[in-house]
Ligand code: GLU
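This document starts with one chain, in the form predicted alone, laid out as structure tokens.
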């Protein structure tokens, strides 16, 4: 048996490359990583790829990409190696065979004499008799020598009750019905999850196993196997499910569960996503919500993980992301804007000249960077770079009946704005100059045509901000064009 690590805390994240990585997987990795950081321990990344039928090409690389995006790093893993290499299970088959031989020599593993069809028939018979199917009730009296052509099964050494403590769920127990002879190594030579993850945890000196609550029912089997190998089991911490937005069931594809990198593609910041995710099922001792990784590493604790499922909330995620967007430097924010800006806008001849002017508007209006594309589709960007197209009637406020009055309002606005000094042409001075005239003649009557002349759309920033962003020359020119249209 491998000697355990000398570190107080050694944890692992061991995903299977069988498809996209969803938020439940990522939160498990995050909690394990924070637990290691809090305790100055070791965080190991291990790829559990023994289910070859379900393996998806490129999924392993995808897992690493997700973890790196959110900022999770590891001390040992398939890409960087370590003292327990290799860290991909399909490369560790000899190790599993060694442990299988230990069990065989103890009389605690045997060649399965039944075909899959025979096992299925036994299962159906149990269903017809309305009782639980237990393979151990059909265990052969004599074991054939295992030659690797048949599955190798674990022989449960003692049928008994098991009690254990879970750091999240407290004291748990299960009766003999939870124990059965399960497959250790399949006929294709690959071990099952139930076997190889325990072997790896022993070999790598894992002290804390942090994973989803769906594994609670299998822990008695794991305890039985640890016992058979004369190894003290690690400490268990099972995590509650992440629920859909309705709070009724585990978040799944049908409920909008997405590949974690889709959030990256939609313009969520990794720091915001991490901050949101850590609070899905865990809470600090106070009401604080915004944390740095260093702060989380100091205060994170498994005993504050809740037992009930945590409800997914897109609105809260967007709130976090907007908070982190507001904290970006102007340079970094501009880089994201450039990445997400639609090509139609970026290809305009004056894009580079004017884009910096509208950064404050974009920053104010988006929750994630993909919202920039939505702004474009609503017509909220192009008018900053090109003069808008509209008909003269659009300039009229709903209460105004005579378009000639609208023309007079625009002519007076042109006159007022012309008097503002070029170096003082900002939203405050523009508002101060126009406000009395707008109040005297009806704010809607005056400000609507001014705003429409500048933007050409129904929904846009207020006319004072618009004029300030466009600059004096462009503002006066657009108002003159509007006057000529009438």
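Residue numbers count along the first chain shown, from 1. Quick caveat: nothing in here was measured; it's all calculated off a predicted structure.
What comes next is about the form predicted in complex with this ligand, which does not appear here.
Among the residues 153, 92, 197, 221, the one placing a heavy atom within 4.5 Å of this ligand in the predicted bound form is 197.
Proximity to this ligand in the predicted bound form, taken as a non-hydrogen atom within 4.5 angstroms, holds for one residue of 333, 397, 114, 193, which is 193.
A residue is said to contact a partner when one of its heavy atoms sits within 4.5 Å of a partner heavy atom; residue 323 fails this definition for this ligand in the predicted bound form, lying far away. A residue is said to contact a partner when one of its heavy atoms sits within 4.5 Å of a partner heavy atom; residue 283 fails this definition for this ligand in the predicted bound form, lying far away. Heavy atoms of residue 470 never reach within 4.5 Å of this ligand in the predicted bound form, leaving it off the interface. Put simply, residue 48 is close to this ligand in the predicted bound form: some heavy atom of it is within 4.5 Å.
With the partner omitted here, the stretch from 211-219, 153-161, 402-410, 103-111 that lies within 4.5 Å of this ligand by heavy atoms in the predicted bound form is 211-219. Shown without its partner, the chain has 12, 14, 15, 16 in segment 10-27 as residues with a non-hydrogen atom within 4.5 angstroms of this ligand in the predicted bound form.
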